[in-house]
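Listed next as structure tokens is one chain, alone, in the form predicted on its own.
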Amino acid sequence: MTPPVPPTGQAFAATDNNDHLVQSVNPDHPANLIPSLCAKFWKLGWVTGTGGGASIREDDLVYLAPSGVQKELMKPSDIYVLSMAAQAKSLDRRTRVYLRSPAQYKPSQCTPLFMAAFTKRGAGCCIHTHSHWAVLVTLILETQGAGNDREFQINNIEQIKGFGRGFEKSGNLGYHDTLRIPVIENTAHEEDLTEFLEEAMDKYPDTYAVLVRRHGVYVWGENVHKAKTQCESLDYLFQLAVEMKRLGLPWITEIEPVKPTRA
């Protein structure tokens, strides 16, 4: 029997809720790792008031934090699971077929943005935070006027080394390199950000993050470890940038590389 087709914009969950997909004693299983990471992010102030979240991809399966849950109290049983192959066959990208859907929650509106990182960048993990440092950086850029507010740039800072050189490129950025993060405008509904995030990905093929003005940031990596370390590095740089601005220090500087005197 063919399953019913949900109305546009709604999600359809399989009759069998596939609880086995989120049951594991392995702490590194995505269903265990997402609650653990989100609890840490809550302590950092990144997912305050249920905002923000995380998603992990393992082959065809995508594990997602739900909407509206208090992130520090999240449990493995709260996790949604969907199939990338099934999603790719959907004629309406807003209609998602979940392999597992907890009854007490709603799917996250971040889902299509997480999926963009998985499909366009081959990411293994995507993190969305509402860090106030990220928001402040977008507000500082906003004061620079139209045309000068669409990109965050910083160079000659050690923590820049925490970022890869770009999609399918080897190695990390260096101390003297310039880190560039695009900024997109916020929308009333989060999933409406998707096309703008994808456009930013196309314009900045080497970026691992996109800032959303007055909202937060999306950060991804080829695995959980890289996504987490890049998110931490970026938040450090955002905080540093805000403090530098307060002190009247520029984010972009010309510094002559120091060469060792001994061969």
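Start at 1 and count along the sequence shown; that's the residue number. No experiment lies behind these values; they were computed from the predicted model shown.
Quick note: we don't show the form predicted in complex with another copy of the chain, though the next part is all about it.
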query: 4.5 Å heavy atom contact, T253 to another copy of the chain in the predicted bound form; finding: yes
query: Any non-hydrogen atom of E190 within 4.5 angstroms of another copy of the chain in the predicted bound form; finding: yes
query: Non-hydrogen atom contact E151 with another copy of the chain in the predicted bound form at 4.5 angstroms; finding: no
query: 4.5 angstroms heavy atom contact with another copy of the chain in the predicted bound form for E195; finding: yes
query: Residues in 21-47 with any heavy atom within 4.5 Å of another copy of the chain in the predicted bound form; finding: K40, W42, L44
